[in-house]
Structure formats: C-alpha cells, structure tokens
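In structure tokens, the next block holds one chain alone, the form predicted on its own.
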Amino acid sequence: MSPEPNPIAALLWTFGLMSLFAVGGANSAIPEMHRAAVDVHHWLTDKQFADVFAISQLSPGPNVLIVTLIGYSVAGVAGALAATVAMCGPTALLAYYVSRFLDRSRGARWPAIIQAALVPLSIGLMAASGLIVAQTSDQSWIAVLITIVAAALAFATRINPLWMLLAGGLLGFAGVI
C-alpha cells in the first residue's frame, strides 16, 4: 500500500498523464512506469516491478495489464481500476479525436509523414523498455548472459517467446538465476 495521503489521486494523475505520452502502447511507457512506480512514488521495489512486468507479459490480454497490477499493489481493486481507466481513458479520447481529424485530411501528405516519424520513436521506446526491465531483473552475470542469448534468439529466430519464458522460469526455479 502507498504511504501517500491519496493514492487513488496519485494513480489517476500519474497514469493519466503518462497515457498521453505512451506512443505505441503501454510497453513504450515501461521506463516511465518504472521511474514513477519505483523511484518517484516508491510504490514498488525494482524486484516487484520486474515481477509485475513478467506477470503482465505472460498473462493473456493487453499489455496495459501492468498498469492494472501496479494500481492493485498500491490501492487494491480501486487502485487497479483507477490506474487502468487513467491509462486508457485519455488516450482513447485523443485517438478518437485525432482519427476524426485525420479522416478530414485524407488527401494531405503530412499524416503519412507524421506516422513515419513515429516509427523510430516507438522502436526506441520499446528498446528502452527492454533495457529497464533487464536492469531491474538481471542481478548476476549469468542472468545478463541469459538475457542477451534470449534477445538474440528472439531477434534471429521464430521461436515462440513463451518457450524462452518457460526456460527462464525453470532456470530461476532451479536456482541458476
């Protein structure tokens, strides 16, 4: 639970503002989520954040589940609901109005230019997300090595990432990492 006087208001403000900068979905905001949840508000430790991230990625459903889990750890069910609505609501409204505006600009070149410019931004944000999660999770050289091998396999092969998650989980259960 949060030591803040009004954790629901803090969740609404934090994730509502963050939602407007999450280009490409919740995963692009992982570095900022980590900073807010661990460094600023002290809602979670690095280990708890890494665990919440792993659970949210392994669970079926949208990637925004991490926000729900952070909210739940801060203020229970009410916190989960507040964080999820705050992360999804402003972005949904913005997307609705932007899509209406873009519909009226179909013949113009600038929408395609803006969309093309957002691609490298999204890739960079996802790479930063991976780096943050690796830094909070990898506490030994063997863990760093396993992360590098898993990233290389994910990049170079078509192996389902769930197999790599299973292998990592088994190595953790066995005490290797």
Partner chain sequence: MPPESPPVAAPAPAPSTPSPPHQPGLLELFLAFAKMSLAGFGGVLVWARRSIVEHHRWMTAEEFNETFALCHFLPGPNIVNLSVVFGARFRGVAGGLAAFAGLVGPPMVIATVLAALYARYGDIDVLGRTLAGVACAAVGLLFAVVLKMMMPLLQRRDVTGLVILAAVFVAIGLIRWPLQIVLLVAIPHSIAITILTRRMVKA
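Numbering follows the first chain given and starts at 1. Just so it is clear, the structure is predicted and the values come from calculations on it, not from any experiment.
Here the subject shifts to the form predicted in complex with its partner chain, a form of this protein not shown in this document.
In the predicted complex, at least one heavy atom of residue 154 sits within 4.5 Å of its partner chain. Interface membership of residue 37, defined by any non-hydrogen atom within 4.5 Å of its partner chain in the predicted complex, is ruled out. Although the partner is absent from this view, residue 80 contacts its partner chain in the predicted complex, with a non-hydrogen atom inside 4.5 angstroms.
When its partner chain is considered in the predicted complex, residue 12 lies well away from it, no heavy atom lying within 4.5 Å. If you take 127-144 and check each residue for a heavy atom within 4.5 Å of its partner chain in the predicted complex, you get 127, 128, 129, 130, 131, 132, 133, 134, 135, 137, 138, 143, in sequence order.
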